[in-house]
Structures are given as C-alpha cells and as structure tokens.
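Quick heads-up: it's one chain on its own, the form predicted alone, in structure tokens.
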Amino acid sequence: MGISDMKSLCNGNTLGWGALILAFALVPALMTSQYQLNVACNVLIWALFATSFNMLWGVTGMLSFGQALYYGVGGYAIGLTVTYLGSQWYFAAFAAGLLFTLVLSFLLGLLVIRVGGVYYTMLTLAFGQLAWQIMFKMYDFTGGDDGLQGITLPGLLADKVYYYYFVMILVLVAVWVLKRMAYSPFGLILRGVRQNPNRVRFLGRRVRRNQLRIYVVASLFATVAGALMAGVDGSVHTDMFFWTTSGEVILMSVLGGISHFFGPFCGAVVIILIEDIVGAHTEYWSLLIGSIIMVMVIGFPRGLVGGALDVAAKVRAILQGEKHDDTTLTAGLGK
C-alpha cells in the first residue's frame, strides 16, 4: 500500500470517525440508565485495546496472544494501589502502571522478538499465562479468583458521568496518537517489516529494533485500557490476565478488519453491543454470539470495515456507470 493509498484511506474514515465521536459524546445525554453508560465505557476501552493490539498484528504482522498481560497490569496497578493506599493515589498508580509496563515490555520484548511466527505467538502466550497464575495464587494480596472489589476513584471521577468523559477523552487521544503513528514513516517501516523484513534490512533499517518499539508502544496502550477498566465497575479480576482476554481482542480485530486502522475499533463496538443485547435475552448467549460472529466473518472476509468499503466502491461504480450512460445518451441525442 502506497503513501497516497494510505492518505486516501485515512481521509475516507474522517467522516465516520467524527460521527463516532459525536455519538459517544452524546451518550450521557441520551442514556436511560447507568448501565448504558457502563456499556459505552466498555466499548471505548475495548476499542482502544483492540486498536493498540492491531498495531502489532495488522500493521507489523506480530500475532501476540499475551497482550492480556499488560491489560491486567493496568487494572491491578489501579486496584492494588487504591485498595491498600486509598483513592488519592489513583493518578500515581496510573503512572506507576505505565512505568512498570515500559520496563516489563522492554525486557520481555527483547526475548520474544528473537523468535518469529508461531514461536513468538506461543512465547507471548506463555508469559501471559505465567502472570495469570502468579496473580491467581497470591490470594492474600491480589484476592485470587475473587479479585479486588470496591475500588473508589478520587474527586470528580467518582461521578460516573465525569468518569465516562475522562475515559472518552483518554481513549480518543490515544487512538489519535496511534493513528498518526500508523500513517507516519515509522508506520511505513512497520508495514515493511510485515511484508518483507529482508528488504527493510537491505534499506538500512533494523527490523528487531522497530519490532521492539511497537511491542512496547502496544503494551503501554493496553495498560491504559486496563487501568481505565478498573474504574468502570470498581473492581478487577484475574481474568484480565487470562488468554481468553487476548483471544477476545484478536476476535475484535478480525471481525472489524486487521488491514484497516479503524477495523478493530469497529469490531470492538459490534462485539460488545452484540454480547450486551444477546446476553440480556437468552441463557444460550455464547452459542448465539458465536454463530452471529461466524456468519459475519464468513460474509465479510476482509472484516466489517473492508466489506463496507467494498460495498461503497460497488455503489460508486454503479452510480458513475449510470452517469456515464446518461452522458452518452444525451450526447447521442444531441447529434
């Protein structure tokens, strides 16, 4: 994909992105219950998690099954600090979680990027499961499988509406940063690493160094998502570290379309809303959700965003063809 193609893709998503921003900003005014506000928060947070993960997989070609590790670090950095020290330490805990992730992702990144393909994927999974097991066994400190409950937030953030806007602003800024990164020269290098790493080396760029950079960046934004999630329900649990959390974010990326920047964002929106709507009406929600997602993936092999762009291109071609036919007919009558 050339620079002009990426710029046109970026510009083509501007209108839809603006509509999403407006829709999320109006949620508190349109909601009829506190539960709907929580759902909107979940959509935003999972959308950030999926978008940051796709910088690894969709952009760089590094399929990680261990991003839940950093998502859990963000959640437990808030949960443990607020539980044992008080809500006034919330922002310090946020910063501490990011700092811990910076160091941890750098050290683990040095190990995992040395192997490629399925070995890289399995190694990230192994580290994620190791963290889950540690948090699960440290019952007296982490609460084990019961997690930590009653996490309170400081000041205005204790109000759900204020916290929602806090989440919305952080998520939108984070996604904007990731978008700028994806379409920057650094993003072009990452795409080159995915398509032909040997050519990137031939051009004088270090493949592993850039892989390490994006691994750290994606991990930091996953930590932000986990930290924000801790304040939604006032609780954290060890499932935040479990491999199914990584699996869910992979599914969001596939459903939305890994080849499009906003694909994972849209995939997160669709999956969270489907889970909420279907789960409220049947006890067989997991079977029904799986069937719906399977049909979507089969029907839109390039993801929902890719499918929507294909449909729009076909409609545009039909309209342009009709316009061309009308022009030809008019010209013929004129003769």
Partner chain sequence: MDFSFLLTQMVSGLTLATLLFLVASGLTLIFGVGNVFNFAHGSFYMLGAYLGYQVVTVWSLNFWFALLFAALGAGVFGALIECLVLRRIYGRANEGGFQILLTYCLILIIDDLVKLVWGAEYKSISRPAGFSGSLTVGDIAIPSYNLLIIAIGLVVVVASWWILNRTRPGKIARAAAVDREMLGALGINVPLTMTVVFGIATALGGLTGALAAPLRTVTPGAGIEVIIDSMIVVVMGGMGNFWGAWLGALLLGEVNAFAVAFVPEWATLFSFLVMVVVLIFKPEGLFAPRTTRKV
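Computed from a prediction, not measured in an experiment: that's the story for all the values here. Positions refer to the first chain, counted from 1.
The same protein also exists as the form predicted in complex with the partner chain; that form is not shown, yet it is the one meant from here on.
Participant: Can you tell me whether Q36 touches the partner chain? I mean in the model of the complex, with a 4.5 angstroms heavy atom cut-off.
Facilitator: Because no heavy atom of Q36 falls inside 4.5 Å of the partner chain in the model of the complex, the answer is no.
Participant: Heavy atom to heavy atom, is G247 within 4.5 Å of the partner chain in the model of the complex?
Facilitator: Flag for G247 set to yes.
Participant: In the model of the complex, does Y119 have a heavy atom within 4.5 Å of the partner chain?
Facilitator: Answer yes; at least one heavy atom of Y119 falls within 4.5 Å of the partner chain in the model of the complex.
Participant: Heavy atom to heavy atom, is I298 within 4.5 Å of the partner chain in the model of the complex?
Facilitator: Answer yes; at least one heavy atom of I298 falls within 4.5 Å of the partner chain in the model of the complex.
Participant: Which one, 82-90, 251-259, 95-103, 226-234, holds residues whose non-hydrogen atoms are within 4.5 Å of the partner chain in the model of the complex?
Facilitator: Careful reading of the contacts points to 251-259.
Participant: For the three residues R114, E283 and L287, verify that every one has a non-hydrogen atom within 4.5 Å of the partner chain in the model of the complex; reply yes or no.
Facilitator: Each of the three qualifies.
Participant: Using a 4.5 Å heavy atom cut-off, which residue among V27, L63, V278, A308 comes into contact with the partner chain in the model of the complex?
Facilitator: Exactly one residue meets the criterion: L63.
Participant: Report the residue, out of L123, L172, L212, L220, that has at least one non-hydrogen atom within 4.5 angstroms of the partner chain in the model of the complex.
Facilitator: Contact with the partner chain in the model of the complex is made by L123 alone.
Participant: At 4.5 Å, heavy atom to heavy atom, what parts of 131-165 sit next to the partner chain in the model of the complex? List them in sequence order, or say none.
Facilitator: Counting only heavy atoms within 4.5 Å of the partner chain in the model of the complex, the contacting residues of 131-165 are Q133, I134, K137, M138.
Participant: How does the C-alpha distance between L273 and G299 change in the model of the complex compared with the present structure, closer or farther, given a change of 3 angstroms or more?
Facilitator: Compared with the shown chain, L273-G299 is farther in the model of the complex.
Participant: Quick one: with a 3 Å or larger change, is the M296 to V27 CA distance smaller or larger in the model of the complex? Answer closer or farther.
Facilitator: Farther apart, by at least 3 Å.
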